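The chain below stands alone, shown as structure tokens; this is the form predicted alone.
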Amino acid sequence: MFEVRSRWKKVVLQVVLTLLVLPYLFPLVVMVQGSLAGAGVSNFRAVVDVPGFWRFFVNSGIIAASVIAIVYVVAMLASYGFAKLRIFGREVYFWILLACLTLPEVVLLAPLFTTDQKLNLYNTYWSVLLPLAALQVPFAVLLTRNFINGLPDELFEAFRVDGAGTVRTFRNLVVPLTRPIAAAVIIFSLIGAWNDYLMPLVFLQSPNMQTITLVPQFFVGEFNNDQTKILASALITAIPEIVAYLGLQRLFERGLTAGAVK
């Protein structure tokens, strides 16, 4: 970590940071302006008035919450094992898991479709949330393992001396100390599950099962392409993610910093 003390260095740093932020801020400004073009606030009202809009919102919430729970539990348990437990071949297993990061979502559609058909999972929440959780587990494990590796071994040894087993150590030591990186896992899992478009499009065919990311399709057709309402729906879709990030911002930043440095 470095400190900037002189005034001119602070000015230079502020200018550099501003220039770095502008490329990301510009599309957001354009999206807001576009969503208010034409009918203005009525564009948002038209999005909310889409038949089944709130049902789509609930479906996205169920899928996102389930994905977050699965990814959190699996990533924390796996990271604890990879970081602090003596498991034969754990490095091999870890790198095999990381190799899954190279798999793009689209190449899994055919085998997943066949599997869902045989297991009668097609057009259910499970057909979407299980693949989404599986795709996010490798990255979550990568983050959390680095964080847990940074925890002092003396703490774990002290728990063992006191007679605590693996489960108790995980529950009473790992879970409380990993709240910062848990916030990062929650945010990334929420973004991945809430924003996913391909999986719900392919595996959720019933109108009452569709998610919030499919709302823009109501404004795109053979004879119409209302970009203002598409942008308005994009802004509405982003609200839960913004609220979640603002609520977990401090822990999120601490978790990413610790996970990257330690």
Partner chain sequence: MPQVATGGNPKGAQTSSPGRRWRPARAWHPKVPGVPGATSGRRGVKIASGIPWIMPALVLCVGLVYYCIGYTGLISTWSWDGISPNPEHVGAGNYSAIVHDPLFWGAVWHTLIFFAVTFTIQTFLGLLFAVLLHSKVKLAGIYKVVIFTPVVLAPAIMAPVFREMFSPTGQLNSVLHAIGLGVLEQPWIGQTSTALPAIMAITIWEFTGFTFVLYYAALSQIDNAIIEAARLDGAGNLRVITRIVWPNVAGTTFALATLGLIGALKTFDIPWLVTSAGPDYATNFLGTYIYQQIIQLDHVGYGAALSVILLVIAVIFGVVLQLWRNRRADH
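Source: prediction; values computed, not measured. Numbering follows the first chain given and starts at 1. Between two forms, the rigid core is the largest collection of C-alphas that superpose within 1.5 Å.
Missing here is the form predicted in complex with the partner chain; even so, the following discussion is about that form.
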- Message: in the model of the complex, does Thr115 come within 4.5 Å of the partner chain, counting heavy atoms only?
- Response: yes
- Message: Is it the case that Trp54, even though its partner is missing from this view, gets within 4.5 Å of the partner chain in the model of the complex, heavy atoms only?
- Response: no
- Message: Can you work out whether Ala140 and the partner chain are in contact in the model of the complex, taking contact to mean some heavy atom pair no more than 4.5 Å apart?
- Response: no
- Query: Do Thr166 and the partner chain come within 4.5 Å of each other in the model of the complex, heavy atoms counted?
  - Reply: yes
- Message: Using a 4.5 Å cut-off on any heavy atom, which residues of 226-242 would contact the partner chain in the model of the complex?
- Response: Gln227, Ile230, Leu231, Ala234, Thr237, Ala238, Glu241, Ile242
- State yes or no: after fitting on the rigid core, is the Cα displacement of Met209 between this form and the one not shown at least 2 Å? no
